[in-house]
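Coming up are structure 1 and structure 2: the same protein chain in two forms, each one given alone as structure tokens.
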Structure 1
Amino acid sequence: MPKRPATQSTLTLDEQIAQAEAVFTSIGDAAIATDQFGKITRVNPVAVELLGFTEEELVGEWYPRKVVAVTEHNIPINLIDRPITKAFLTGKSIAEKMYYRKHDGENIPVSVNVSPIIMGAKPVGAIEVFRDISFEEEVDRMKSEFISLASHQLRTPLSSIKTYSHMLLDGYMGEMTPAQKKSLRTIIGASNRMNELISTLLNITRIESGRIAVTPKNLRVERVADEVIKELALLAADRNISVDLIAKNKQGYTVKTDTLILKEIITNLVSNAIKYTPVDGTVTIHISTRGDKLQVSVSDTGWGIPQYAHDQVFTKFFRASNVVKRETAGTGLGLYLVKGLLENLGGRIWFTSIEGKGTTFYFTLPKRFNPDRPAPKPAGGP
């Protein structure tokens, strides 16, 4: 009879250690193992090659100090925000993207996945696997540049379509029949939606390429919100939805931030609330202060967001299945854009939602914009 392969229980301790070492060494991506104190205990050849250190320079060192993690703007990431710390604190695997500083000082984009090693319900170490995503980042950059170029080129013919459609509708080229006017209104409505999509795509490419210019000045937030309500009045009236503003401070709510960006944020949140709320519903904008920050919430009595979709709400092109069936005219880009714009203003956003009952989006902004302070990492709650 052929000899059966040795099982784990029949291997000696030395053989088990050698087997674990072989498995770790053969991992295709870069891998680093640490103990419960964050000290590096093992590195594989891919990690050594990618980071530019020798194995001797890494093993025995405190991982967060030896392998420096930074943002795309070369700002060091706090220890508490690093995936390895989150894995230890939560006992769960953590996946994120960031930049690692190599031995020669070059920063490379990496995709990181950290898994804690649990023994007796207690983390005793962690294994971090990461890979260089420079190629993927370059592809994304090229995609963004293409979208930006295409969007700019689309604006010129779209402007002509809108101009001549309005001229026809207003009778500059002769009287039109009711049926012709109805068709022109459909054309104008479609061109307006296309223009909104182009503006959204351009804003997203600016965010992703770091070209969003923030021009801060003192403004009254309730006045910006009131302008948004007036501009969206027809959209709300079509669905018989009331849009209310609650701002209890009689002195007003003043912040120093970018007016146009703030207006874009509020417009996206309120228009979404109107679109995804059934007829005769209510949308409420509430402005308040929260310590040294301003807080704005937009609540609706709409269809809500299914629980399964909560962690995907701010991703690009995502639309929950319960709204796709009812509202087909959407791109799934609005909340992705809002999140990016808020981060450029130093703010953050989160939400609460119950499917079938409604949703409330909250965002906070510093009362004074600080261009030197990195945007806080978004979180799922207050």
Structure 2
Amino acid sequence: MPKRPATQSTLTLDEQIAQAEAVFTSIGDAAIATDQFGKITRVNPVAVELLGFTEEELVGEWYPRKVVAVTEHNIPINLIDRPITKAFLTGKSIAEKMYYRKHDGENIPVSVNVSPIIMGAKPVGAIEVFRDISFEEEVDRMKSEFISLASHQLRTPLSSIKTYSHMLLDGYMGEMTPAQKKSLRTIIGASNRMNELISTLLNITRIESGRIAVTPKNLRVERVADEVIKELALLAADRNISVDLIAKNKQGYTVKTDTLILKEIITNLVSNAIKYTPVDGTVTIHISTRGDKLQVSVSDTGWGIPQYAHDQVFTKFFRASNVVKRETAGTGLGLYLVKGLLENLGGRIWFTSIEGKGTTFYFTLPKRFNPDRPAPKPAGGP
């Protein structure tokens, strides 16, 4: 019979410590262990090499102070928002992407995973494993650049298709038969959808590469909502859906934010509400204030979002089975885009939904856009 390998119980205490040390040192990614106060107790060679500090410079130091974490805009991340703090507070493993400032002042993008070390139900420290993701970031940037270029190139031929279809429909090249007109309307509808898809893709690449430009201006939210209702009136009339606006404050709701981005957000939510509501339903936009923030909700009396899908609706390309079954058109990109846009304005989105009864999406926005609090870069979806 083959001899069984030695188990820990056959090792002396010194041997066990040496073995634990060897395991820690051999981790292929950077690894840093801290005590329960966040003081560094151990670092492995990969961490030393990546951060550019010596082991002596790190061990014994308070981790959040020694290794500064920053956003992609080089703004230091507050202690409370650092994964190590969240891991201590929640007792759970936390995974995030951020930038670490090296000893020489250079920032490197890192993927961080921190787990609390629990002994006897008490956190006695944490272990953080992180790796340099510069290469993945570069590939991501190239992918975004490609999508952006391809989308721009698609716009030119698309605009010719639209222009000539309109000219044919309007009789510039001779009178069309009713059947020909019907086909032309289908072509125009399809080119409009393609145009919207191109805009969505362009917006997503901008968000993912952190290139979204926010131009804050004082605006009245109820006016923006009103414009959206007018633009979507045909879509709503097609299904005999009434779209109502509730904005009780007589002085209106003024916020300082980006008009086009806000309009894109409301348009996406209202068009979803119309699209996913059966004929004769109702969609209601409600504007209010919530503390120092503005709140907008969009409710519908539609098919709702099944419980299983609640965690997934904001992920890229996700569409719930109840709407796919009904063969409604969609890409699953709208809400992913809305969430990214809102984060860029400093806002937040959530929803409640009961299948078969309806859905309400809520979002809040700061009354004044704060350029010093840019959004974190989204993970990129699945």
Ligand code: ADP
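Quantities reported herein were computed from a predicted structural model and do not represent experimental measurements. For residue numbers, the reference is structure 1: its sequence is counted from 1.
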Form predicted alone, given as structure number: 1
Assuming a two-part rigid movement between the two structures, tell me whether residue 322 and residue 183 share a part. yes
Just how large is the rotation of the smaller rigid part between the two structures, in degrees? 8
